[in-house]
Every structure is written in structure tokens, then in C-alpha cells.
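Presented below, as C-alpha cells, is a lone chain in the form predicted on its own.
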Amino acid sequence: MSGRIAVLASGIGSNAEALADACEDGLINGSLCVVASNRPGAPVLARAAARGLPTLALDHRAYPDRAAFDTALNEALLPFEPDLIVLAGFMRILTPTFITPWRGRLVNIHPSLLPLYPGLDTHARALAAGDREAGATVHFVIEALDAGPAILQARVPIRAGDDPGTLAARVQREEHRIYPLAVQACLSGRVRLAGDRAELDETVLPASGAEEAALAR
């Protein structure tokens, strides 16, 4: 059965595009049922509309606090009946008001090798620390920021002369590659959240998530 994916994004939407492409190419057995943003003018909405995808804009500035926005966002998404909610550069910290109803059906991609560098400025922080590699992590969203169990990671070398921009571009290419794999694994039921642990085929995954080859089977 084809899965229904709601994408939440705040910016350009390159990961949303990658997921839409993966659906069209059959890499994901599903479709984007809605692309939503907290920024009414976000380019991701125009890009989604150009593909004929339903869009939804909820300006977070119109709500008195995070919980009120999260309540409105949850209510706005319900009619689309998503099987999975995918955060793709959604620049809002979600509260339990939103997370709890979708727990286990809510995933994010973060531009670092979590648990390293939760939050913002991940590439600058990796460079400042003198790290030899960076990467991206697809993980389940739980109530603690960027702390949900990993589903899949991709690693890239940090090269001499890298700056945050060059490193970000290299990491983003990996994001576009691994996010569809992880989303398909979640939709198929092979990957699931069990308590605070991620499982693949009922086996608990290590802290770094699954081996890519295992998800690609």
C-alpha cells in the first residue's frame, strides 16, 4: 500500500524535492500528500505547487506561543491523513503538543553525525573542532531536541580548505541520497520506534543507525 508523506520545511526545500523525486522514481512507495511551512513565503511552497502538490502555510508569528502553533499545525495536517511526517529543514523547535501524537511517525534529518552538534551551525562547529569528517543523520523525533534514535547516517570527509559553505554542500548531497532510503524503510514498517530505540526488522539499531546496505535490501 502506498504511503502518505507530509513534509514540513521552512526554506528552499531541496530535501522536499529529493523526496518528491524519489516517490516519482519508485524509490519510495508513497507520495507527498502535503508540503507545509511555517513561513508563507518560503520557496519550498512555490516549488511544491509547481509540481502539483498540495501546500499549507501556517505563519508561526500568528500564534501566541509554541504550543498554540503546534496545536494548529497538528489540526491542519490531520485532514491530509499522513502516515509519516518528515521534517526537511523545518526551522521550528516542536513541542510535545505536536510530537506526542505523531511519535514514531515523525522523522528529521540533521546535518551532523549525531549525537555530535545538535542544534544550529553544525558545519562551523565541526570545522572549529578540527573534525576529520562530518555528515548527516536521519532520526526519529522525540521530545528532546535532536536526541531521537538514529535511523541512518552518511559520512563525508572534511577537506583542507573547507569552509561551512563547501562542507554544507557536500553534506547536503548525502542528505538527498539517504533521506529517501530512511523514509521508505519507515513507510514499509521495517524501521520503527520502540520506546526510545529504533529497530530494523525488530532488531535494535546501534547509536549510529542502520547500515545503508541493510536498508537498501
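This structure is a prediction, so every number in the text was calculated from the model and none was measured. Counting begins at 1, following the sequence as shown.
Keep in mind that the form predicted together with a small molecule is missing from the display, and what follows is about it.
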Per-stretch contact check against the small molecule in the predicted bound form, the hit in 109-117, 96-104, 72-80, 126-134 (non-hydrogen atom, 4.5 angstroms):
109-117
Since only the chain is shown here, I'm wondering whether Gln153 would be in contact with the small molecule in the predicted bound form (any heavy atom pair within 4.5 Å).
no
Given that the small molecule is not shown alongside this chain, does Ala147 nevertheless sit within 4.5 Å of it in the predicted bound form, heavy atom to heavy atom?
no
So in the predicted bound form, does Gln172 come within 4.5 Å of the small molecule, heavy atom to heavy atom?
yes
Ile142 versus the small molecule, in the predicted bound form: is there a non-hydrogen atom within 4.5 Å?
no
Does the small molecule come within 4.5 Å of a heavy atom in each of Gly13, Ala88 and Met91 in the predicted bound form?
yes
